[in-house]
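Okay, here we've got a single chain as structure tokens, the form predicted alone, with questions on binding and movement later.
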């Protein structure tokens, strides 16, 4: 029987390729419709294939760079942040895993996330507030939690989903501009009317699929992964209370409209910055990428 951890890793890899496949189908459909509009369906599909191939390469090989830019994080070296560097280095050595690159987000709101495609190509980002507000054991527990996400390939799925979801907005803008500036009355008469109808159809498809893929982003980063990463971190450090205490501090110090509040990235953080201390609200929890902090803390303290 396969170990549950390895089963989880295999499942995350499958979901990543399924997500790529769904986006490929979406881009192919849009390319075909654009091709009909310009009178060359094959050209439209070739163009869509090229765009998707570029996005695939960016998502898979540079997704973590896109995410860190979106988060406003900057890479730091040992000489800049020796305390943080030594903490991550010690945990990496103890776990027998490659050391991820370290990033800092300059905000006093405590939080952290991981991103990347595998343990050899990953990053851990923490806020200045996390370092200032947590003690050594709490900080180690948070780093261990993020390393668990990396080793379980949670971050591959999440990073790819974030980059690809953003392209839907981009496609929507391009299609809208084509209709406004390139398609109004193109060809004249019946052909112009058909062209406008096709572009309206494209916009409708994108408008319908955009929220669906936004939800895919949230559900792809499942709540169960947080419980698994919590348990893995607690077992690794041998001190569940460290992570429980850290979660209490982080959750209670999220603020409305904080610099890290970003809908696209909220599923990556250890605590959802868009909900923060309001995560106990039942309606908010229903649509959250994370399980309630209270339940996570309860499970940790029961270990």
Partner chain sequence: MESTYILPGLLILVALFFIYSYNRLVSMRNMADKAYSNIDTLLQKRFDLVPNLVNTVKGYMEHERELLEAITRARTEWLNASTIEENAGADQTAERAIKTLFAVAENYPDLKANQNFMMLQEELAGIENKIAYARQRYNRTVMALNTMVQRFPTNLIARLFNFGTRSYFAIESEQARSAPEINLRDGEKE
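Positions refer to the first chain, counted from 1. Every value quoted in this text rests on a predicted model; they were computed, and no experiment measured them.
Heads up, the form predicted in complex with its partner chain isn't pictured, but that's what we're talking about next.
Annotated contact segment (heavy atom within 4.5 Å of its partner chain in the predicted bound form): 236 to 244, selected among 236 to 244, 66 to 74, 265 to 273, 43 to 51. Contact annotation: residue 91 falls within 4.5 Å of its partner chain in the predicted bound form, judged by heavy atom distances. Contact annotation for residue 134: at least one heavy atom lies within 4.5 Å of its partner chain in the predicted bound form. At a distance threshold of 4.5 angstroms between non-hydrogen atoms, residue 140 is in contact with its partner chain in the predicted bound form. In the predicted bound form, at least one heavy atom of residue 95 sits within 4.5 Å of its partner chain. Residues 78, 82, 83, 86 of 60 to 88 are found to place at least one heavy atom within 4.5 Å of its partner chain in the predicted bound form.
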